[in-house]
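Here you get one chain, nothing else, as structure tokens; it is the form predicted alone.
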Amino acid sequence: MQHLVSPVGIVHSCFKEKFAIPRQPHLAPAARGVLELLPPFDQGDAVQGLEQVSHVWLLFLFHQALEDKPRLKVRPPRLGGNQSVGVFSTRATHRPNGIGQSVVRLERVEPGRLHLSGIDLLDGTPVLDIKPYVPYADSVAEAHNGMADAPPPLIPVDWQDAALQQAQQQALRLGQPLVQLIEQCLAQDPRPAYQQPQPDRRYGARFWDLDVHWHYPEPGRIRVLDVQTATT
């Protein structure tokens, strides 16, 4: 039996590309976005009462990872990207129906718009449903996961002086915690775990309308090189 579903809204996110997005929600509290609700859910009636809620579950589509042929096994980044496990034992983006879920902080509620933080969603992500987080039911004290029993270890992030000044100036323009966003995302080391970066190799990712570049001056440490307005 097939059943068609339609998005209730679209996320406008600080993450403009998949690289450097945190692999779980809340790992970058400074990551912000707005969920724009689509008709008929853009009326105030649909979100009435949601102002009493601090966090919400978002069910969404991995719209840039949809596949016609289901994968039975995947290679999760958590295991270095070189070990295969069953798709249902992971939260990999390659899902049988392309469905993801994230619990995010609800900063503000407006008719037709939800302001969010701690997100791990790509810009343009279609949201299929919104559900309030219920602490007594959704938090399981004795839960465990042997594959992901703790957050990923963080690595130090430092800045070229000019890059930090650029980020601070752009943060004022955007009205966003840009320095914190960059540090929180890069500290999780977004490069593939199997890749051994050389000091002369530059990496880059887009946050809001800015291209951020960094390198690894030595193993286990990142230095931000520049923060520039995106050209495309």
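The numbering used is simple: start at 1 and walk along the sequence shown. Since this is a predicted model, take the numbers as computed values, not measurements.
Separately, the form predicted together with ligand SAM exists; it is not shown, and the next lines address it.
In summary, among the residues H12, K18, R221, H213, the only one with a non-hydrogen atom within 4.5 Å of ligand SAM in the predicted bound form is K18. A single residue from the set H63, R206, R202, H55 has any heavy atom within 4.5 angstroms of ligand SAM in the predicted bound form; that residue is H63.
For Q101, a non-hydrogen atom is located within 4.5 Å of ligand SAM in the predicted bound form, even though that partner is not displayed. For the chain shown alone, R91 is a contact residue for ligand SAM in the predicted bound form, at least one non-hydrogen atom being within 4.5 angstroms. Though the partner is left out of this view, V127 does not reach within 4.5 Å of ligand SAM in the predicted bound form, counting heavy atoms only. Proximity of L121 to ligand SAM in the predicted bound form falls within the 4.5 Å heavy atom cutoff. Remark: of stretches 194-202, 173-181, 22-30, 43-51, the one touching ligand SAM in the predicted bound form is 22-30 (heavy atom within 4.5 Å).
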